[in-house]
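In the form predicted on its own, a lone chain appears below as structure tokens.
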Amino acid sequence: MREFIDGATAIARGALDAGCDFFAGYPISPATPLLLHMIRELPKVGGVAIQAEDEIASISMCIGAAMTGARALTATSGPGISLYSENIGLAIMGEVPLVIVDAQRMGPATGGATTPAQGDVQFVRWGTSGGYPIIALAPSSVAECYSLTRRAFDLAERFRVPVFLLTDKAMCLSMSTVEIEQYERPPVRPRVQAPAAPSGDLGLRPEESFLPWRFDPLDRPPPFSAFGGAHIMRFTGSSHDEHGILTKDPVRVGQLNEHLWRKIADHASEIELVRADLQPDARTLLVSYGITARAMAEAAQTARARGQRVSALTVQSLWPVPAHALLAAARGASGDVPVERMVVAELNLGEFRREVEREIYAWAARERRVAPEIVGLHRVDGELITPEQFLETIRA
């Protein structure tokens, strides 16, 4: 069976099927269709959907809802992410399970409100203070809009962290025919709940068995206790101890910040997600993500029909950078014939290319190898990169 559907609808369906029961957002192109869909559909399954007064209120409501036990989703575009940034930092510090859809459009500022772009790749990673990691996924098809939304909710529950779904105007609004069986349905795990407090114990004693912000080991998120539930909870954006009480003790502060880093960094290989189409003895490796990967796939097929040796790597998890997959693809399908050229294509001026360069050049230095040539294929005029532009970059 087939259906004719756009990416925004697929994201909304994926969220609903993942158990999302709270949405707050503010109208902004090209994320508004997702807001409208959730307002229409979420109440039908007993959830709550709110059009907030602005972007700051939207993400604030989502943080509050998530900390009371809801599975929360919000959606915006680049200007909205700018306004979200302070509360994204709060969500990182407060270890809030939250999914944020960024329907990218051309910037800076108002930019091109109805123009596709991929210019928020670095922004979502570094747009808040501290430099602590987040997770960001990038669907390249309508079917992936559904499946990666489900995966985003699962990762948010697994790591208690805001997870971004980086899409764009073309992916959200373009209609596509999709085979129903193409929809992958990755499981979404339940939230790890804290044990119930003993009778009469509201979590006030230092010797209590449950400490709401206790992590052991450092890379493990603390179990969740909903506000208004079995324990007294404190929530703060400041450095805090296991009770949620502000502290400047260097040992506790250092452990907290290392924990926020390690719970993502130590599990990067678990988060890593790509779709690899590697050919033996390929001389050129094409790398892309999101809407641009669709032109890349067409170009790779055309090049092979011409007898050119080409591999393609579609990156589905932008953050953490899928280093293992990038290095494996650079080594070649056989593992011992590295590619000569890597072409990183994106609708910006090289935001993900710099991450590819960092990983590949470091690998080449460690292995004492000659690094492949890394070139960028970029477009920032409001139009999509075409298969013909990819073909021009492929080494014969």
Partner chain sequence: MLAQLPVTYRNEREYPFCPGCGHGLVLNALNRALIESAADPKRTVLVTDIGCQGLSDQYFVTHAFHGLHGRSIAYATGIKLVDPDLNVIVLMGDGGAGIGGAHLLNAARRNIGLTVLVFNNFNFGMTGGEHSVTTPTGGVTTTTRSGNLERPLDLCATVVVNGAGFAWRGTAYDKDLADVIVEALQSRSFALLDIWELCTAYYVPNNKLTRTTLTTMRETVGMAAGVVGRAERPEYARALREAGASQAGQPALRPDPLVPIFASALDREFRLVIAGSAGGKVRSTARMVGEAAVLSGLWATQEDSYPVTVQTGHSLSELIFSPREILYTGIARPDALALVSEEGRRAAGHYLVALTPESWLFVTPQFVDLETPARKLVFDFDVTGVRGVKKHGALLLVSAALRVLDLFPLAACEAAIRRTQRSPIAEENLEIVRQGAAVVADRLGRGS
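Numbering follows the first chain given and starts at 1. Predicted model only: the values in this text are computed from it and were never measured.
What comes next is about the form predicted in complex with its partner chain, which is not displayed.
Pick the stretch from 310-318, 228-236, 156-164, 254-262 whose residues have a heavy atom within 4.5 Å of its partner chain in the predicted complex.
-> It is the stretch 228-236.
Is there a heavy atom of residue 279 no more than 4.5 Å from a heavy atom of its partner chain in the predicted complex?
-> Although its partner chain is absent here, residue 279 would stay clear of it in the predicted complex, with no heavy atoms inside 4.5 Å.
4.5 Å heavy atom contact, residue 211 to its partner chain in the predicted complex = No, residue 211 is distant from the partner.
Does residue 122 reach its partner chain in the predicted complex if we count a contact as any heavy atom within 4.5 Å?
-> Residue 122: no, not in contact with its partner chain in the predicted complex.
Is the gap between residue 87 and its partner chain in the predicted complex 4.5 Å or less for some heavy atom pair?
-> Taking the distances in the predicted complex, the answer for residue 87 is yes, it comes within 4.5 Å of its partner chain.
Considering 333, 57, 364, 327, which brings a non-hydrogen atom within 4.5 Å of its partner chain in the predicted complex?
-> Of the listed residues, the single hit is 57.
In the predicted complex, the residue from 219, 242, 298, 272 that sits within 4.5 Å of its partner chain by heavy atoms = When its partner chain is considered in the predicted complex, the option within 4.5 Å is 298.
75, 95 and 393: each with a heavy atom within 4.5 Å of its partner chain in the predicted complex?
-> No, none of the three is in contact.
In sequence order, which positions of 1-22 have a non-hydrogen atom within 4.5 Å of its partner chain in the predicted complex?
-> The stretch touches the partner through 1, 2, 3, 4, 9, 12, 13, 16, 17, 22.
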